[in-house]
Each structure stands twice: as structure tokens, then as C-alpha cells.
Ligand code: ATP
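As a starting point, one isolated chain is supplied in C-alpha cells, in the form predicted on its own.
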Amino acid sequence: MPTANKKPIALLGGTFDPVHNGHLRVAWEAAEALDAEVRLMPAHEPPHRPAPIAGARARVRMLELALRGQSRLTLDTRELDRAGASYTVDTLRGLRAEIGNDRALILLVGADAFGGLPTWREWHALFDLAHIAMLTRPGRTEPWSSELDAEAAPRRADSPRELRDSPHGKVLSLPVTPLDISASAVRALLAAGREPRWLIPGALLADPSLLAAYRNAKV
């Protein structure tokens, strides 16, 4: 059983290069649906994608500004504080050691990322450390490989309650409202000298130095 009177911890990882309103909306909906504390966790060196354009300090500052004024979404910098590639299994092991074995821990991943789970380091071990909530578009289903299906199908949960009632091991499809925003599109707008207002938090636009790396980048 999960630790009494403690909400589940849910993790949303990514480069957040830069953080945009699509990230924030998905995180907020997940927090409400799961009744969880959602932590946004910027990656140091993502293993499956190019290195971020903005440095770690700038991305942390952008997230700090984006998360002001509320307490449900928080920032976790553990992957930036750890040298080398940001492997999720290492992150979950470290966090599990901190919080103990009883509190529910949930990894939030998009449907595309979930489909690629068999390419992750020690991916079978993820289920021994956390639940996985797959963020999906309402009414849309994604094909899985037979290998992933064999692991995930017996773990299927029908409701968020099942994730709150145990510390790890379940898979839940969690429909969220998709905002058609991507960090690459935001970077392209900035590189073209345009202002991505309403796509990113307004507080980021108030500090031109935070976005300077994107304006000077080749996209």
C-alpha cells in the first residue's frame, strides 16, 4: 500500500528546450487526473535525441518562471545535477531510494515514447520502480510491438485509483488535451526573429536573455 496521506509523485521528463504551454497543460491535466504531485524534470543529456540548444541554467530559469503562481507542478533538477546521459532507470532508482518502497511513483510518457520503450536502458526494470502513465490523445490508439505488449498488457490499469493504491508496476492510458505546440516550432519562430506569444509562458518573453540562444541558432 502507498504511504499514508502522501500523493503519488509523477515525473514528466524532457529537454524543455524551451518549456512551452503544451508541456504545462499536459502536466496540469495529469496532476488533476492522478491527484499527484507532478515534477517537471529537465534532462542533462537525453540519450535518444540531440543535445539541447539552451544550457542547463537557462532551462532551469525558464521552468522556474513558468511554474510560478501555483504549487501543484514543481521542478526537479536531479538529472541536470548528474553528469552524463540521463537514463530514466537511474533517475527512478535514485528517487525510489529517497522516497522508500511504498509511495506511488508514476512516469509520464507520451504515446510515441511509450511505443519506443524497448529501446530504453533496462526497460523491464522500469515497472519494478514506477507505474507508467501513457499520455494519449482522446480516441487515438497506438500500435505496440509484441515485446512491449507482452510486458504491458498484464499490467493494464483501468483507472488512476489503481495507480494510487500500489507503488509501481501498472500501465495506464491517460487521455490529455493535446495543444499543437512543439519546442522545435518555437525555436524556429525565435530563430526567424518572430515572437512565439501564447505558445510559451509570457514570463519567458519578459527576459530576452533567456531566449537569446534560440535567436542565434541555426534551425
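None of these values were measured; they are calculated from a predicted model. So that there is no doubt, residue numbering starts at 1 and follows the sequence shown.
Below, we refer to the form predicted in complex with the ligand, which is not included among the displayed structures.
Peer 1: Considering the ligand in the predicted complex, find the one stretch among 65 to 73, 175 to 183, 190 to 198, 151 to 159 with heavy atoms no farther than 4.5 Å from it.
Peer 2: Among the candidates, contact is made by 175 to 183.
Peer 1: Three residues, F16, H20 and V109; all within 4.5 Å of the ligand in the predicted complex via heavy atoms?
Peer 2: Checking in the predicted complex: F16, H20 and V109 are all within 4.5 Å of the ligand.
Peer 1: So, V26 and the ligand: in the predicted complex, are they within 4.5 Å at any heavy atom pair?
Peer 2: Contact with the ligand, yes.
Peer 1: Using heavy atoms and a 4.5 Å limit, would one call R57 a contact residue for the ligand in the predicted complex?
Peer 2: No - in the predicted complex, heavy atoms of R57 and the ligand never come within 4.5 Å of each other.
Peer 1: Consider L12 of the chain shown here, and say whether it contacts the ligand in the predicted complex, taking contact as heavy atoms within 4.5 Å.
Peer 2: Contact with the ligand, yes.
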